[in-house]
Every structure is written in structure tokens, then in C-alpha cells.
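Next up is one chain by itself, shown in C-alpha cells, the form predicted on its own.
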Amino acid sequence: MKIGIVGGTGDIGEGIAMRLSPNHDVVIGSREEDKAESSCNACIGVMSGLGIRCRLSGHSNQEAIDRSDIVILAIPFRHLAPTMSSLSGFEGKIVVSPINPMEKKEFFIYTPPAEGSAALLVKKMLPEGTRVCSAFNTVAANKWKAFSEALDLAVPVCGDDATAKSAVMQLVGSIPGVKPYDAGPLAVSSMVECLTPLMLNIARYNKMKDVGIQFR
């Protein structure tokens, strides 16, 4: 599959790109194409140093969309609206939201938009017929980049289109040590998104690092 990552130069975007690139063609996108190219070269350097072959390229966010079948929106919630307003070409694509709306005050809290979740807001912003799923919400950036550690992670996937959800679950499952779980329709995304602030609070108050979830 051809995967485009909008906002792919951030920690989450780079981590997902590196994990997917041994098995898929991955385009790292950015508002600044030279920044995407630099991020791509850095990721390739890390992977090559580990003896892992990968298929990565760096382009603008728009090129990442145009060149891909599945688009992952690896952007902070506060940047969602301005980023999406500058992009087009989502028709016929599968769009994946790993976005978690939250704020850090005395502790982390979930702050969903009026639509109920970031994923539902993404769907509202996109053209009719664009297939939206939520996935990758519950994995810390450091986990994606920790190539010295074997992954053992669960990733809930939500979506209303069965074919799109199946494709995203296959994508998630193509990463060794990561198991996708069908979490239901896109309306369930709010339950998944709010797990991240919960895990951050657990990590903080229990002096833990990179807390994740698993289903046994």
C-alpha cells in the first residue's frame, strides 16, 4: 500500500513512517518540503544503520495525499483545522486519524470537539464519501522509535466502512508486534481518544514511561 503521512516530520509521524516503511511505500509530508526531505533522510539513516531496508520519500503535505491510497493525519489537534483547510484531493482515499484532543493542566484531560471526537470532526471536514478510520491513538511516539525493543502493542481501529477498516487493520498488523482490534464504528473513537490522557496520567502518577494498552 502507498501511505502518506500529513505532518510526518513530528515524533509520531516519523515513528509510524519508520515502522511502516519496510513493508509499504511511505511518503512523509510537511508544510515545508525541504523539512520533509530532511526528516526522510534522517529516518533512512536510522533504518540503514539498523540494517533495515525501507521505502521512504519526503514531500509536501499535498503531495503526500496525492501520492497515497491511505492518508494518516499525524498532526496535533490544535493544528487540525488550519492544516485541513489548506489541503485537497481526499476523494477516494482512506483517511486515518490518530489525533487525541487533550490539554495538560494539573493533569491531562480529554477535550473533544462538539462533534464528539477528533475522528468525527475529521469526517465532517472531508468530502462526502471519504472513508475515515481512527487508529494509532494509543501508542507513544517513543515506542514507535524504540527499535531496540520488541513491540507488544494493541491498536484499536474504529470506522464505519468495513472495507476501509479492514485495510487499516491490515496496515496496523503489518508492523511486527502490533495487533489491531476492531473497536466498532467511528462513533466509538471518543472512547479510544480519551485513553491517551488517561495513560499519560497513569504514567505520571506511577512514575512509568510510555504506557500502552493490551487486551488479554
Ligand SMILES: NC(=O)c1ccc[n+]([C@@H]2O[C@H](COP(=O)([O-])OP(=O)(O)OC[C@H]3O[C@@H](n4cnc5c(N)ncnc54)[C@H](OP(=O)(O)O)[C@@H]3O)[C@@H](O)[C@H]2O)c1
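Each residue number is its position in the shown sequence, starting from 1. Everything quoted here is computed from the prediction, not taken from an experiment.
Below, we turn to the form predicted in complex with the named molecule, even though it does not appear here.
The stretch in contact with the named molecule in the predicted complex, judged by heavy atoms within 4.5 Å, is 133-141, chosen from 120-128, 133-141, 88-96, 103-111. None of the heavy atoms of P22 is located within 4.5 Å of the named molecule in the predicted complex.
A residue is said to contact a partner when one of its heavy atoms sits within 4.5 Å of a partner heavy atom; V192 fails this definition for the named molecule in the predicted complex, lying far away.
In the predicted complex, at least one heavy atom of I12 sits within 4.5 Å of the named molecule.
Within this chain, S68 is remote from the site of the named molecule in the predicted complex, having no heavy atom within 4.5 Å. Using a 4.5 Å cut-off on any heavy atom, the residues of 65-101 that reach the named molecule in the predicted complex are, in sequence order, A74, I75, P76, F77, H79, T83, P98, I99, N100.
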